[in-house]
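Let's start with one chain on its own, the form predicted alone, as structure tokens.
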């Protein structure tokens, strides 16, 4: 069923409802063992402009379809995605080195996300506002408020969740009557093209979604020059997010960027539970998650006990091949491993104590705990995006709050403790989008609001919030005689 999207292991462009061959291609290799997985299209200017034109031509007919019918089409696509879940999970695990169990879970979660997005869309209602609530002079006015499509939405997904974070952008955009120009990460594009094929088999009308693959640095400027993009929905690094913001100017944007999520462990915390959450939160998928726990801020009086428990748990983490369902697998590329290793070496040179179950093997970094970490070490504030956990001891709660807030990021934080009044007092002072109480930082459930402040993002995601951000309010004012 997926043979349509490739020929001789060379993947095609999905343009105006057809899979067409590309003249230029980029070879994709598995981070696991450097196995050649296939070549993806390296699109040139004409391809990109044709894709934008296709989105534009399809917009009027797609948004004219009633909401109920758009929802039914998306439900059919969700069923196809579920039907091919194992095949897609298999290529996902190979392409981004994510353990197979998590890869399969990601696909199934994406199916559920589409279904819940459909259900929520059917609950979105317009409203009528009466002018007499504001003034007797406006008593004869009323506003009929509805939502309408924005236009063409540029959806840019990251390598680490090429199915789920693509669906979280595509589904609400299409349901609200937009067309989608879809740019997956280069490493992750093969998985994303399989996703689009599954959605297509569900009955998507031609032209409402078109794929853009290739180097972002090459095609980004082409897209921004077209002036036809109505909104950008991006997940990726803060530096690229800032660049996109400058390139596209004053159009709506939703951005999920970097993070430096802290786990604050108070003196009365259940240390066993806290350590469980911290290790899972820090090392799941080798720490390649924006919501990974990236530092521990622990009260000095319990630090030794917590560190001992964390060391024990880290020593039991499985390391190796994602098809053996190991938690720690090779990082996405050697450059990422180089960066993580650089942060570890900098910390050790400045006095940190390193605990690890092994050393680096190509792009595989063994899980590493850094103790005796001070604030002059790069790892205290840099986002590693790898399996390294710095532990910083603090004298007081205020010190923990100050260190947390000193970061340029503000995605999530966690607080572990038993005094709920004290925890809420801390939570109110933390500069971040979400505070987790006695639990690890994570995205989801998908109906919860997901957001970052400062350099961690723009706008709010989550099923209802994504539907709202993928549409704009239209107000029609009636003047009664």
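Numbering follows the first chain given and starts at 1. The shown structure was predicted, so the numbers you read here are calculated from the model rather than taken from an experiment.
Omitted here: the form predicted in complex with a small molecule. The next part is about that form.
Listed residues 214, 386, 322, 410 were compared with the small molecule in the model of the complex; 214 is the one with a heavy atom within 4.5 Å. Between the small molecule and the residues 390, 184, 177, 330, the one pair within 4.5 Å by heavy atoms in the model of the complex involves 184.
Contact check for 84, 90 and 196: none of the three has a heavy atom within 4.5 Å of the small molecule in the model of the complex. With the small molecule omitted here, the record of contacts in the model of the complex names 185-193 of 268-276, 139-147, 390-398, 185-193, defined by a heavy atom within 4.5 Å.
Although the partner is absent from this view, residue 237 contacts the small molecule in the model of the complex, with a non-hydrogen atom inside 4.5 angstroms.
Mapping the unseen interface onto this chain, residue 131 falls outside it, with no heavy atom inside 4.5 Å of the small molecule in the model of the complex. Although the partner is absent from this view, residue 302 stays clear of the small molecule in the model of the complex, with no non-hydrogen atom inside 4.5 angstroms. Although the partner is absent here, residue 99 lies well away from the small molecule in the model of the complex, with no heavy atom inside 4.5 Å.
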